[in-house]
Ligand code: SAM
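Have a look below at one chain only, the form predicted alone, in structure tokens format.
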Amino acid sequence: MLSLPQEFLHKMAGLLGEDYPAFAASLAGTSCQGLRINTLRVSVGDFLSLSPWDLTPIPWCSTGFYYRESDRPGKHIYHFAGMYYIQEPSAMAVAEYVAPQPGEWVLDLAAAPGGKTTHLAALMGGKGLIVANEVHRGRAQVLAQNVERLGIPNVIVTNEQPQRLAQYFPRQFDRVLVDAPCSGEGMFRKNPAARGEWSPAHAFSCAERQLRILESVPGLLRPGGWFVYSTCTFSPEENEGVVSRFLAEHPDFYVEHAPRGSGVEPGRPDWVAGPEELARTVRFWPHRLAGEGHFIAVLRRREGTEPRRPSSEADRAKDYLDYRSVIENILSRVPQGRPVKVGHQLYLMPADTPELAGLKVIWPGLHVGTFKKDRFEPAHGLSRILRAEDVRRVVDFPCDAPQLARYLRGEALPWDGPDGWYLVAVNGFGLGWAKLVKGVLKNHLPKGLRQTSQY
């Protein structure tokens, strides 16, 4: 049995009654391991045909699969290639409840490290706009790295307070996700730090912070839109209690019915003396299903007058033609988007992105490349959205080729062919760039990414 706070156990025994022994026994068990296939890079069927592991479907996520801890997929070349994201199984349900549609504007308000942002992007087919925000700059950098690794073309990463975002996007988003910082009770068997930090006072302080975050949502969400509030804690104060307090202050919102699959339980309004509509929320319990503890609420804003969405910057046809001229000698398929030059860097932003001047933007869109004095160098980020057929020249290896380990270490490789830029790929999926000069492929994998995948 884990060493758990006695006050926590006593509290849960009082809440769960006859269910408590099964709950307590589940905390003594092992955690489930999950990965979610990145369908922006590879279809589920194609990945399963390539996978070296025996994967089992996760019921609430069509792209999610359980794996065995001994598989160690985080060390495989396919992880480096952005073909999947390692994610706790219950957490995969959150984006499914957001259910974003291609072309919508979506905000992930507390997005690091990026599991839910990248899931939202896959559900949207890479179309539309996702603003992924993180208030802590270091965590925002990690978020941007995961967006790049998975080849997400329609995400902008910001490092702002929610109130600032509301000034730039007043009631503009179709959907908002608030995966709130919490006391982490649902992760106790995975996270020793959460066990060590827990106290009743900590849970109550988390609830106050969560409510402050939710207070920014009405300024961001359009009439008729909805937002998802989620936590990874069992605490009623942080779950049904926070939702109840929000509803009391915002009568133009109501709880949507959240569908429940096998093992998923309804919320408990009786635990907070709240309105019956709280029973439309859902709870994931580790003694009911193969996953950790989670709470999810879907809240819709009543219909009203929808503010006009700001128009994007006027068409810049000349810039677009210039962009094609510098990249089409490398690519056979030129990705779509709005080209934006930031200093010497070229990015592709989602086509309908509004003006962002004044916001702290960590990642303004797909990094296409860098203008040097007499040349253009393609960016690592560009390689992550490409397949072998998208480029003029490619060096494509099977996943067990020894040359891949050498490439990941930053080594040059001998190769025959015409000089120029080559996409280095595994089974057709882009990993990074190399430049062939007189029979030697010079390695352009960023130094910070080298030797990160030992498989």
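When you see a residue number, it is the position in the sequence shown, counting from 1. The structure displayed is predicted, hence computed values, not measured ones.
The same protein also has a form predicted together with this ligand, omitted here; what follows describes it.
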*Check, residue by residue, if G34, R41 and G82 all come within 4.5 Å of this ligand in the predicted bound form, counting heavy atoms only.*
no
*Counting only non-hydrogen atoms, which stretch in 208-216, 259-267, 343-351, 233-241 is within 4.5 Å of this ligand in the predicted bound form?*
208-216
*Work out which of P113, P364, P153, P73 lies within 4.5 Å of this ligand in the predicted bound form, going by heavy atoms.*
P113
*Just give me the single entry in P162, G337, G126, G274 that has a non-hydrogen atom within 4.5 angstroms of this ligand in the predicted bound form.*
P162
*asked:* I'd like to know whether E134 contacts this ligand in the predicted bound form, with contact meaning heavy atoms within 4.5 angstroms.
replied: yes
*With a 4.5 Å heavy atom cut-off, would you call D179 a contact of this ligand in the predicted bound form?*
yes
*asked:* Whether R139 contacts this ligand in the predicted bound form should be assessed with a 4.5 Å heavy atom distance threshold; does it?
replied: yes
